[in-house]
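Consider the single chain below, provided in structure tokens and representing the form predicted alone.
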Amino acid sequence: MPEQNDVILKVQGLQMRFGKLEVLKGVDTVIRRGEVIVVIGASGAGKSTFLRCLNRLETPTGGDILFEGESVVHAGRNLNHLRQRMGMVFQQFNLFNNLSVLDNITLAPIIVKKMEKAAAQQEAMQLLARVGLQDKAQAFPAQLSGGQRQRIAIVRALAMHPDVMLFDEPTSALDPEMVGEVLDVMQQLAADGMTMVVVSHEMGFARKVANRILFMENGVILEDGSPEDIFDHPASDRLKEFLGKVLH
């Protein structure tokens, strides 16, 4: 068993309401350093809300989240400091269209981390080389394909040296032929030991790369297990039904 101090995120009784709608109904889980967790489930199961609560893009209405021992829910002024250590990649890239690729990547390290511009640019170029896009440094987002923009979004998050990367359905807005190039980068990150929490419909990726899969249904984690547990030995009828629909 990993040591207790390997725990990077501890989620305790997490609840989230939007008005009368109860989206999360008491979620408990622990994420350890170096784990790749893939969260699966039907639309409306609470997956994206769960992910967005981890870095307080949504403020939970109950429970707590401890990130490296500090409460995210009660962080107060410390929230931005905590968020800097969590990289977030969204469905819709969220790049600044008026900035070049290089400026998109270096903006936060220079402003937030007070990095020297030259050092930030040098590191950005190294990260771009890792994802095969060093020739796009001076391009603007509108000149790139969706797959290239999402790889840039991943690099931008990595430039802040996060302790954990959160991915909210990072391939769902992409054309099918571009999905692979983004998943390849994510697989490489996993191989390098990056702690990742990924909300995804990509079952092949989940089976191949995840250490653990969380199956969410109706605002709770219904099943939590290895890819083999989840795909080959689903315990609940609901998971069997879900897999029957998504595995063709």
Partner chain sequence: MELNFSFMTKYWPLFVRGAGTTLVLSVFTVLIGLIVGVVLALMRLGKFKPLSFLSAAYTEFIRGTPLMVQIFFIFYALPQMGFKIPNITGLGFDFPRFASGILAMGLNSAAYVGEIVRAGIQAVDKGQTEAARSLGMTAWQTMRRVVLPQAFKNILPALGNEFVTVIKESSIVMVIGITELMFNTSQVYSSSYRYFESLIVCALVYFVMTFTTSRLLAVMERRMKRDA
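Everything numeric here is computed off the predicted structure, so don't read it as measured data. Residue numbers count along the first chain shown, from 1.
The protein also exists as the form predicted in complex with the partner chain; that form is not presented, and the subsequent description refers to it.
With the partner omitted here, the residue from Ala120, Ala157, Leu128, Val72 that has a non-hydrogen atom within 4.5 angstroms of the partner chain in the predicted complex is Ala157. The listed set Ser145, Asn80, Ser172, Gln138 contains one residue whose heavy atoms approach the partner chain in the predicted complex to within 4.5 Å, identified as Asn80.
Contact with the partner chain in the predicted complex, defined as a heavy atom within 4.5 Å, is made by none of Gln134, Val179 and Ala191. In short, of 49-57, 31-39, 182-190, 218-226 it is 49-57 that has heavy atoms within 4.5 Å of the partner chain in the predicted complex. Although the partner is absent from this view, Met86 contacts the partner chain in the predicted complex, with a non-hydrogen atom inside 4.5 angstroms.
Using a 4.5 Å cutoff between non-hydrogen atoms, Ala108 counts as a contact of the partner chain in the predicted complex. Heavy atoms of Leu95 reach within 4.5 Å of the partner chain in the predicted complex, making it an interface residue.
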